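Below you'll find only one chain, the form predicted alone, shown as structure tokens.
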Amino acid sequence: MPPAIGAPPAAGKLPQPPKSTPTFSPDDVTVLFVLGGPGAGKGTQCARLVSEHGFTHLSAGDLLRAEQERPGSQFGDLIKSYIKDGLIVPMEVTIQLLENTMADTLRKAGSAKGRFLIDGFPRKMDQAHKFEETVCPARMVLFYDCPEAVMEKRLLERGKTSGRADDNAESIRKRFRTFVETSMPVVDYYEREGKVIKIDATASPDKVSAATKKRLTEKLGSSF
């Protein structure tokens, strides 16, 4: 678990010391943002890339859920409230958790080099800019495109066994609206930069996986 983060000021945001350069160099660290609506299958595809291609998968949502349950966390109640209402947790919390976990992963590996799939982040443009300024520029964005009706069906099914408070119809619809309003502009921005790999996520997991590998090979080479 990442180290504890200092208590936030009254505004509920984390103070961050100014950085002249990002913590990690893109020459050493490859970051792929993985975006798509709730239930698009991001976690499933990330798991396959981890097992077959050696990436480290960091789910922003999983880190936040773990942090809200961590004993002594100053952010547990704040995170719980935001997630329950389908809202975006203040970016300073999420970015610090991601940076801490990336540093911990490299330290345990005894290497300055690593490859990370950052799943479900950035969800807003200010998050994208802040992460790239302070942590590491992203190489590409994997965008799993899936209609709302398909995602809702998948999540309601998952909710029968997941135990997640946000796997219910009301929260799912709030999360989808939040995604369309705040996260699609992120996808559009990176698409203009020529950095988006768009995958049809309505197919079976095997077909989506095959399409993902094909497109990554086209963009990053056979040894991606």
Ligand code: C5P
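Owing to the predicted nature of the structure, the values given are computational and were not obtained by experimental measurement. Residue numbers here begin at 1 and follow the sequence given.
Not on display, but discussed next: the form predicted in complex with the named molecule.
Student: Which of these residues, L49, V31, L64, V186, gets a heavy atom within 4.5 Å of the named molecule in the predicted complex?
Tutor: The residue in contact is L64.
Student: Work out which of the listed stretches, 133-141, 77-85, 99-107, 146-154, brings a heavy atom within 4.5 angstroms of the named molecule in the predicted complex.
Tutor: That would be stretch 77-85.
Student: Spell out, yes or no, whether the shortest heavy atom distance between L117 and the named molecule in the predicted complex is within 4.5 Å.
Tutor: So L117 does not count as contacting the named molecule.
Student: Residue-level question: is A60 within 4.5 Å of the named molecule in the predicted complex, judged on heavy atoms?
Tutor: Yes, A60 is a contact residue.
Student: Would R164 show up as a contact with the named molecule in the predicted complex if we use heavy atoms at 4.5 Å?
Tutor: Yes, R164 is a contact residue.
Student: Going through 101-126, which residues have a heavy atom within 4.5 Å of the named molecule in the predicted complex? Please give them in sequence order.
Tutor: The stretch touches the partner through G120, F121, R123.
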